[in-house]
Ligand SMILES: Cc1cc2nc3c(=O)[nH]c(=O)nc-3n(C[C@H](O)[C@H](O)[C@H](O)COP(=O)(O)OP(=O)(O)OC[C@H]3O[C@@H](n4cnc5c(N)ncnc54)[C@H](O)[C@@H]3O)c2cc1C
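This document opens with one chain alone, in structure tokens, the form predicted on its own.
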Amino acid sequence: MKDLSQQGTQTAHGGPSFLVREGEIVETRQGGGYARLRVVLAPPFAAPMPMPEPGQFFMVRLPWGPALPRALSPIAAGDGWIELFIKADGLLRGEMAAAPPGTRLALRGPYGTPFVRKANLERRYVLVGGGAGVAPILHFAAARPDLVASLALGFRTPGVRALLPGADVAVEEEDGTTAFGRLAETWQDGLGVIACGPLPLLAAVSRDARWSPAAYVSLEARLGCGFGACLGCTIPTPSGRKRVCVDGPLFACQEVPWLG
């Protein structure tokens, strides 16, 4: 496996890493318009790649072609490997979903602030995931089961169930149930909410005050460069402008009143 890390540099002031590492897809499964990829990571020439904590993400691209890197949060991670769960649309994600085993990926990261550094750890949470947003939600659930009260996962079509064995998934096309509907059914007084998914889902969570103040939304869909240089993911908050990639991607709903 060719080492792409030699193409990277690092900031002299000890800031975010710009090293490009290489990964190899060793397994791909598809279903319902989504794909789950197992990626083995090649060590860089200087130091091993740190394993991502739930809520962190990699900037991922194919080493060829015009597609820009996309921010992708692992659905699972271990020693020297990660699993990605992606919607199989768009130029890059479509090519990744169709890529055969042995296909190489270029990765930077992990970036972002882990969920446990933003959420109130004195509460338990209903974890809400819609579409590809289930990836960091399930990663968090596996890493911190002590903080999980229940899961509310939703998709439009049933084919995705094969990619999430054992998960109780709401399928809108079957009975009209959504991830937000599952949240409303399962939430109880005293529980918090952590949600990741399409903006309409996050907006619905943000504007419903019943689970305040411990309600959080992950805005990873807004990410650009991933490490804070482009400022393209900057958002207004009551305490000033924040960069989603550095200060998030998880924000308390009170920090993003415009979302609801």
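Bear in mind the structure is a predicted one, so any value in this text is a computation, not a measurement. Heads up: residue numbers just count along the shown sequence, starting at 1. Under this definition, the rigid core comprises the largest set of C-alpha atoms superposing within 1.5 Å between the forms.
There is also a form predicted in complex with this ligand; it is not shown, and the following applies to it.
J.: Tell me whether I86, L91 and A135, taken together, all sit within 4.5 Å of this ligand in the model of the complex, counting heavy atoms only.
T.: Yes, the whole trio is in contact, each within 4.5 Å by some heavy atom.
J.: Counting non-hydrogen atoms within 4.5 angstroms of this ligand in the model of the complex, say which of L223, V39, A215, L201 makes the cut.
T.: If I apply the 4.5 Å criterion carefully, the residue I get is L223.
J.: Name the residue from L105, V160, L127, L72 that puts a heavy atom within 4.5 Å of this ligand in the model of the complex.
T.: None of the other options qualify; the answer is L72.
J.: Indicate whether this ligand has at least one heavy atom within 4.5 Å of a heavy atom of I235 in the model of the complex.
T.: Residue-level check for I235: no, no contact with this ligand.
J.: Check P66 for me: does it contact this ligand in the model of the complex (non-hydrogen atoms, 4.5 angstroms)?
T.: Looking in the model of the complex, residue contacts with this ligand include P66, since a heavy atom lies within 4.5 Å.
J.: Looking in the model of the complex, any heavy atom of L219 within 4.5 Å of this ligand?
T.: Yes, L219 is a contact residue.
J.: Based on heavy atom distances of at most 4.5 Å to this ligand in the model of the complex, which listed stretch, 118-126, 92-100, 145-153, 171-179, is the contact stretch?
T.: After filtering at 4.5 Å, what remains is 92-100.
J.: Hey, which residues along 105-120 are within 4.5 angstroms of this ligand in the model of the complex, non-hydrogen atoms only?
T.: Heavy-atom contacts to this ligand in the model of the complex: nothing from 105-120.
J.: Has the Cα of L68 moved 2 Å or more between this form and the one not shown, judged after a core fit?
T.: Where the cores coincide, L68 still shows a C-alpha shift between this form and the one not shown that is 2 Å or more.
J.: Do A88 and A67 move together or apart in the model of the complex, judged by C-alpha distance changing 3 Å or more?
T.: Their C-alpha distance grows by at least 3 Å in the model of the complex.
J.: Note whether the distance between the C-alpha atoms of V134 and G65 decreases (closer) or increases (farther) in the model of the complex, against the displayed form; the change is 3 Å or more.
T.: Closer together, by at least 3 Å.
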